[in-house]
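Shown here is one chain on its own, the form predicted on its own, set out as C-alpha cells.
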C-alpha cells in the first residue's frame, strides 16, 4: 500500500500550483498524495480536493487534518497530527474502511497509535527541517528502526530528507518517504521524484 514516495502538497512552495504538482507527482509514480492547504477557505479546499481526487486514481489520496473535507470529497482517508482529532473519534466518523495515518515523534506515541488502530505511522521529523515551523526536534533514524523491529505497520518518514540520505532512511526500516522542499520547490517535480524513487529502490534492494 505505502511503498515508495509519499507526496505532500505545499501551496507556499509550489511554482505551478497544487493541481499541476499532483499531476506531475502521479506521473512520476508516487504511492500516495496527501492534500494539505492551510491558506484557503474550506469551500475552496473542497473544490481543489475534488479535482485532486479525480487525478489520484491509483494513488492513495488522503486529506491532512480536515475530516470534513475528507468526507466531502470521498478521500481514501486522512492524516492526523498529535494535536488534531483523536484517532478513535476519526475512526468512528470515517468508518473502518478508510485509511488513517498519524504523525508520531516518539516510541511511546508510536505504541499508542498502533493500539488505536492507525493504518500507518508518519515518523517526523527524521532530520532537521525548515518546511514545518512546529516540526520539533529531529528523531533520527533510530526511532524508525525501533518501530520496524516491533511492528509491521507501514512507516512514512518525513523531515529533512534529501537524495543524499534517502537510502539510509529506507534501510532504517521506512516503507516510504516524503521530501517536500526538495521536490515541491523544484521546477520539474516529476524528475525530482524519479530521482528519489531510484534511491528508494536502491535502499529497498540493499
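Numbering follows the first chain given and starts at 1. These numbers were taken from a predicted model, which means no experiment stands behind them.
Beyond what is shown, the protein has a form predicted together with another copy of the chain; the following relates to that form.
Check: Looking at 115, 128, 88, 83, which is the one with a non-hydrogen atom within 4.5 Å of another copy of the chain in the predicted bound form?
Finding: Comparing distances to another copy of the chain in the predicted bound form, the residue within 4.5 Å is 83.
Item checked: Interface segment, criterion being heavy atoms within 4.5 Å of another copy of the chain in the predicted bound form, picked from 174-182, 61-69, 149-157, 28-36 -> After filtering at 4.5 Å, what remains is 61-69.
Margin query: Let me test this: is every residue among 14, 18 and 22 within 4.5 Å of another copy of the chain in the predicted bound form, going by heavy atom positions?
Written below: Spot residues vs another copy of the chain: no contact at all.
Checklist line | Interface membership of residue 93, another copy of the chain in the predicted bound form, 4.5 Å heavy atom rule | finding: Flag for residue 93 set to yes.
Note to self: Taking another copy of the chain as it sits in the predicted bound form, is residue 43 in contact with it (heavy atom to heavy atom, 4.5 Å or less)?
What the structure shows: Yes, residue 43 lies within 4.5 Å of another copy of the chain in the predicted bound form.
Notebook entry, point to check: Hey, in the predicted bound form, is residue 55 touching another copy of the chain, heavy atoms inside 4.5 Å?
Noted result: Output for residue 55 is no: heavy atoms all beyond 4.5 Å of another copy of the chain.
Notebook entry, point to check: Using 4.5 Å between non-hydrogen atoms, is residue 50 touching another copy of the chain in the predicted bound form?
Noted result: Looking in the predicted bound form, residue contacts with another copy of the chain include residue 50, since a heavy atom lies within 4.5 Å.
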